[in-house]
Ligand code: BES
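In the form predicted alone, a lone chain appears below as structure tokens.
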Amino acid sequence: MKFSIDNGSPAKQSCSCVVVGVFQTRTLSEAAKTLDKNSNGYISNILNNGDMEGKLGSTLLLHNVPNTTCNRILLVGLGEKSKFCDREYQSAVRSTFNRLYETGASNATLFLIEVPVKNRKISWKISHTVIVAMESVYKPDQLKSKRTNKKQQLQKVTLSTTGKLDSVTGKKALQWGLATAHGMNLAKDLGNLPPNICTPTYLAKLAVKMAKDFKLKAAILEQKDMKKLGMGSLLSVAQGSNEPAKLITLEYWGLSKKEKPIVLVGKGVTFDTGGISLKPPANMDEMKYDMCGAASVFGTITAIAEMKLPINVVGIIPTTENMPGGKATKPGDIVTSMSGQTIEILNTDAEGRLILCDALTYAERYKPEVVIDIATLTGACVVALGHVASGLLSNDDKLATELLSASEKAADPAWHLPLWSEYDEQLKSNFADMANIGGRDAGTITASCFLSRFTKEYRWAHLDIAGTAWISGKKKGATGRPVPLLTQFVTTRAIKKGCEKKS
């Protein structure tokens, strides 16, 4: 699907379908008013006959509208005008594309980006129209012998407005939306792949391929390399598996290497049985999604490399399986991390923090500006925040505020949880420097307290995406989150750096 931006009159569009909005109750958007006036009240007459009220997500397809040059006009319900915000806009766009795919339209011109959305500029609407459109065509069927063969005629989409549109701003917004959507699609593909295919070795090969495609630098540490570095915590998780662990680094240098990089650390447990602390069998297949933190790093780097952002970003991906083999780590074992701190493993199913802590120590060598780790870390985060917001914890309030701002702008919600020293007490061990769990209470926070012990040398934030990285049930699949949040964070940083250099 190709996208472009333009401005003009909806009545003069020679395309397969023109899309305009209708608010409740039967209130026409500006573009719809133009069409209605041009057709001598044809549209308002249909609405007044009760064919459509403007309920959010509803659609009405019209043919042969008088005095228009397009084949069809699609009316899309926008709901109540006073409540038309981010979610409502995305819902309207989603309904638009779902209906367009049911038609024979090969191209369409959408007059939705001019519809007022509270606190949003037209650039936001352009970007998120593209993201929703790309989401609507994504299918997790890459391994089916007969892939979904739904007739897909829609090839070209023009985002248009009846007012003035700055072409430079519009093109940048379009580029951001496409790059983010491509990054999300990669993250989805990786999350949806079965664990017999998406292994640590598979992810390592992907990093090498991305390095060639985008002119990045990739490096893969094998188990022997990690052993030399003293990564006893990461390697302890891999002991029960026949699949060798990998530590993957993927470096994007958009500026001089003198500029400190943003480091993204993604949890890459390609399948998590829980180890000796075995998980219950129901829904265990979904533990292939335990590498969605790693997937989001691959996706974000894809997005920023496509946009060629002037900033430095390093992805670090510790990746392994967590299996209950004969050599698997046992509850009660004590391991030594790369930092030299010892860890008593009381639950082998709290393995994500064990691989992340060594990766966080490894991140020090890049002398980072900031470090953000992303992980499907705790079920407790799902209990606390459900499937709406990712959990956010940080040792730096300013960094947390930046990430919250990025999440709000990207419409990829996160919620700031406390990281207080009182919670740290729950990690005490009689036999080691710390235990790897702190009990049931405040599980998301104590997991973050554990990670914070390995981040003393830099500004750090943690995103717990256990509730947001995938969807269960009939529509099971990876969501691609938090690629939009991370891409927005990096983009904002790049813009800020550019402004600082100019001044």
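One-based numbering along the sequence shown. Keep in mind that this is a model prediction, so the values were computed, not measured.
Absent from the display: the form predicted together with the ligand. The rest refers to it.
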Only one of Gln239, Gln426, Ser123, Thr378 has a non-hydrogen atom within 4.5 angstroms of the ligand in the predicted bound form; which is it? Thr378
Only hit among Thr336, Asn347, Gln90, Gln175 for heavy atom within 4.5 Å of the ligand in the predicted bound form is Asn347
Any non-hydrogen atom of Lys267 within 4.5 angstroms of the ligand in the predicted bound form: yes
I'd like to know if Lys188 sits close to the ligand in the predicted bound form, meaning any non-hydrogen atom pair within 4.5 angstroms. no
Quick one: is Trp470 in contact with the ligand in the predicted bound form, heavy atoms, 4.5 Å cut-off? yes
So, in the predicted bound form, is Ala32 in contact with the ligand at a 4.5 angstroms heavy atom limit? no
Look at the candidate spot formed by Lys279, Asp290 and Arg353 and say whether the ligand comes within 4.5 Å of a heavy atom in all three of them in the predicted bound form. yes
Contact stretch among 271 to 279, 195 to 203, 73 to 81, 220 to 228 - heavy atom within 4.5 Å of the ligand in the predicted bound form: 271 to 279
So which residues in 423 to 440, when you check the ligand in the predicted bound form, have a heavy atom no farther than 4.5 Å from it? Ile437
